[in-house]
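In the block that follows, a single chain appears as structure tokens, in the form predicted alone.
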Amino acid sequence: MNRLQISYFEASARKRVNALVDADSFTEYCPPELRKTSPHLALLDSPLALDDGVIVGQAKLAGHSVLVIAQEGRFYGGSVGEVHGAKICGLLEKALAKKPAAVLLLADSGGVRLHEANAGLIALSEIVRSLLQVQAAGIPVLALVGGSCGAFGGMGIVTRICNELVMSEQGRLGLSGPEVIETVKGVDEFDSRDRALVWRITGGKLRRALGEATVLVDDLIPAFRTAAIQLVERYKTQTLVADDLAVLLAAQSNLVNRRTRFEGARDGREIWQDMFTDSARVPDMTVEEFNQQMSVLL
């Protein structure tokens, strides 16, 4: 497979996994042939996926043992239901036994599956608990966001509690998605059809500028692979320690300061104007140029 020509944004979940990890190293848990499908979708006569929209398994990444979760944004927006969530939780529980170098979360989800909302909400809470247990065991969880759905709703929360977040400019991250905000608050609050606005507010460049994404990469699978390898190898040389109260208080203080600094901002451009001397160029900057600017700011 020629990884160099594969867009992360356009690729399916399976193509992302197979191109991201070492060749022929991925072993899938609970594969499609086991037919673990959503019982709730079946009751509603809704279309099913034999993997319920998420792929889990083990692989090698530059020779390092990793566990992988990859959501399929093309199946109900990568939404989390009972089976979908159980597969993710099962993979995280497997991490406690296998002690991999890292868990990779290829998030591509709008949040809870509305067809099975209560089951999906319970699943998300269990995912959060399992993820925190994995981190407490000293295993880093690395999120990768660059798919067509981004990471919203409960999966936006899950993504943000990961140890690192790798995003492309095309990736998006938030709690409520633009369509949800528009539905509840009206188009004057958020016009979800304004795609440039959507990306300025939820896209990778703004999330990196605000410090939520730790790495910004190009929309090519090799770029995500390189970033993931670098992070895995960095964590191999350091001990992952759970955040203590002082760290959490410092993070809270940073959030309060950020809210004060950008309180009147309603568009990513206003935040860039406060941060960059050449803010008008930010949307057109290459990832390399943007990262150079960020290195000066940091």
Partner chain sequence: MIDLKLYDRLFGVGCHQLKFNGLFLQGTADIDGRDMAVIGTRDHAAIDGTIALQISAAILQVVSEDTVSGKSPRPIIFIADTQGQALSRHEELLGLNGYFAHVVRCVDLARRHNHRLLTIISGEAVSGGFLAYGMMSDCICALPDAQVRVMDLRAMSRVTKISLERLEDLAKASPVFAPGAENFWRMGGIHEIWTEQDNWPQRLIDALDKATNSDARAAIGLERGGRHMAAPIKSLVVNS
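Numbering follows the first chain given and starts at 1. Because the structure is predicted, anything quoted here is derived from the model rather than measured.
The same protein also exists as the form predicted in complex with its partner chain; that form is not shown, yet it is the one meant from here on.
Listed stretches are 219-227, 140-148, 99-107, 113-121; the contact stretch with its partner chain in the predicted bound form is 113-121, by a heavy atom cutoff of 4.5 Å.
Though the partner is left out of this view, Leu91 does reach within 4.5 Å of its partner chain in the predicted bound form, counting heavy atoms only.
Heavy atoms of Val66 never reach within 4.5 Å of its partner chain in the predicted bound form, leaving it off the interface. Taking the partner from the other structure, its partner chain in the predicted bound form has a heavy atom within 4.5 Å of a heavy atom of Ser176. The closest heavy atom approach of Ala213 to its partner chain in the predicted bound form falls outside 4.5 Å. Checking Leu240, Ala265, Leu50, Ala62 against its partner chain in the predicted bound form, a heavy atom within 4.5 Å turns up for just one residue: Ala265. Remark: none of the three candidate residues (Ala23, Val296 and Leu298) comes within 4.5 Å of its partner chain in the predicted bound form, counting heavy atoms only. Contacts of stretch 63-92 with its partner chain in the predicted bound form, defined by any heavy atom lying within 4.5 Å, are made by Glu82, Val83, Ala86, Lys87, Cys89, Gly90, Leu91, listed in sequence order.
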